[in-house]
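Here's a solo chain for you in structure tokens, the form predicted alone.
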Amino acid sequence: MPQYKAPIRDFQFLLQDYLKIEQYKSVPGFADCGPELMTPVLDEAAKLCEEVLFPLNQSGDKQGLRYDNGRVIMPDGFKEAYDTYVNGGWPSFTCDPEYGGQGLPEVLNMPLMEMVCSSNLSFGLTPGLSHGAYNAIMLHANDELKKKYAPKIVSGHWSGVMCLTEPQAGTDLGLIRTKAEANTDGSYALTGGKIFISSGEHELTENIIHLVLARLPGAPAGIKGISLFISPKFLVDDNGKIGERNKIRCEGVEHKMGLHASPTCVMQYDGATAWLVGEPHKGMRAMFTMMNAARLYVGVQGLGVAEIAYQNALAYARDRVQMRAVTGAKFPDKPADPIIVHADVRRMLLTMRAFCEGGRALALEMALMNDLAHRHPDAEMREQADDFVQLITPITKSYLTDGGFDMANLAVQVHGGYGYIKEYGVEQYVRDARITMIYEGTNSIQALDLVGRKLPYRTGRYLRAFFHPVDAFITKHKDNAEMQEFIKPLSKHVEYLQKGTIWLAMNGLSNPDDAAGGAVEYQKLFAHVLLAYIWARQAAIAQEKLKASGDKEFFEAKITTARFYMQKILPSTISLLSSLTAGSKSMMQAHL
């Protein structure tokens, strides 16, 4: 049977020592973000995930959903778990106090999101999507719509969903056909069908608020003619009271490789009453508000799966005995040594640990930068933080979801044949993680966004948000003898990243296929160097803490993992750079 224990100590280290969030007390929402708030929040979140959500993960996967004439029946225990989640106030954590929220920063919410994704990813999709819908409504809807819908989404009594995809329109949303026609009362009638709508129908909440992309009559072709509409499952009167069922129907649920306890719905809108969000034909701008935030959360889904996969692989490796260590018996009192003594098992486990702890630092830093980009009182600081977010978002989504799937596969490998058996649980993590590399923009699309939009933006302005602080860090530590094993490889591989960036800039202009064909390799190259920077920073902090702290085991493990990353993972950038600079000719001229 699988197990899960929330990584509280690592969260504390990252929030207090790595990000030092107490330095932002002057930023709205951060005033109380010290240990006296952080500790009970982390403890209560861990209790919810370990004791309520995690026990439903395997049973939910096994039982799955049931579709019954438009209804979606969730697995046993999910409704009660959702009510516990709501009663704990978790949906309102980062929301505006004017609408019933607690106003706390996203960086404090991110540990909860990871824990939820580790303990029960299928459960986590519904509150995650609701938060995205809330963000879009708050940034783009008028005050009337905000007052009508935001408070109940904030409380968690209503949920929200994104309704983008159609059978002929996935990545290319310019092909959508759902139409919206004006009614005489200022509302609109939506007609059309949507597919792959996560949490599009269920009975966890009293109402489901659909944010739907559709076209107005005479709208321009392509994405320039798309508008965003809000359409509730049940109509709501001016006093916020739920009325009759809207003309929205779930026509079925998909039978999927993973996420068996999360409804992925086929939705039909037959003249459903809706209201315009924002301006006509500006729907993509509003939808990207949801998608940009969602891409970080999807990245955390990969991270969450990786963490629980690692925990179970580590526990199994400590317990399973097979053969003797090649240097002689390590446990002579046993019939064989635990497999954790074997070099390749240790390689896999350390790869997983380096990914989880490095990825966790990345996710929390991205959440902090998102907070600062929206909340910091200084305009220059907001711009600097936003530049970092814009550049690193596609890297975060792709790196954490690629890695989540890879780490789940490593967990199966550590388990050997037992990893292929459902009882041990890790095969579910492989199945659940796979979709994260696809939805909210495939990882190939993230790479095209990085290379095609982010790199050339204002002659490389976004790039400075990464290269400048890295250069400053290297300069600060270049004469520190203890840091040389981290600074030297970081410096070398930053140079490789710069070479790849220059090559793309020069060759991508003359041959767009070179940019498109090398985008994924460049994105991975960037991610590896970014994580090297993150691990070097963690190592520097750990070295200082070792001189003053009693938590010797924790900080020594940080340094050991940083060393492993630099020596065993970072060198893959060399082959990525070689492949990138080989160009696209062999791909584009091949007969397929």
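Please read all numbers here as calculations on a predicted model, not as lab measurements. Numbers for residues come from their place in the sequence shown, where the first is 1.
What comes next is about the form predicted in complex with a further copy of the same chain, which does not appear here.
In terms of contact with a further copy of the same chain in the predicted complex, the residue from Ala221, Met257, Met506, Ala379 that brings a heavy atom within 4.5 Å is Met257. Put simply, of Gln567, Thr39, Ser549, Ser26 only one has a heavy atom within 4.5 Å of a further copy of the same chain in the predicted complex, and it is Gln567. Contact check for Met587: a heavy atom falls within 4.5 Å of a further copy of the same chain in the predicted complex. Although the partner is absent here, Thr459 lies well away from a further copy of the same chain in the predicted complex, with no heavy atom inside 4.5 Å.
For Glu440, no non-hydrogen atom is located within 4.5 Å of a further copy of the same chain in the predicted complex, even though that partner is not displayed. When contacts are judged by a 4.5 Å heavy atom cut-off, Asn109 does not count as touching a further copy of the same chain in the predicted complex.
With the partner left out here, a further copy of the same chain still marks one of 201-209, 275-283, 178-186, 329-337 in the predicted complex; by a 4.5 Å heavy atom cut-off that stretch is 329-337. The candidate spot formed by Asn135, Ala361 and Phe473 lies out of contact with a further copy of the same chain in the predicted complex, as no residue has a heavy atom within 4.5 Å of it. Contacts between stretch 335-351 and a further copy of the same chain, counted in the predicted complex as any heavy atom lying within 4.5 Å, involve Pro335, Ala336, Ile340, Val341, Ala343, Asp344, Arg346, Arg347, Met348, Leu349, Leu350, listed in sequence order.
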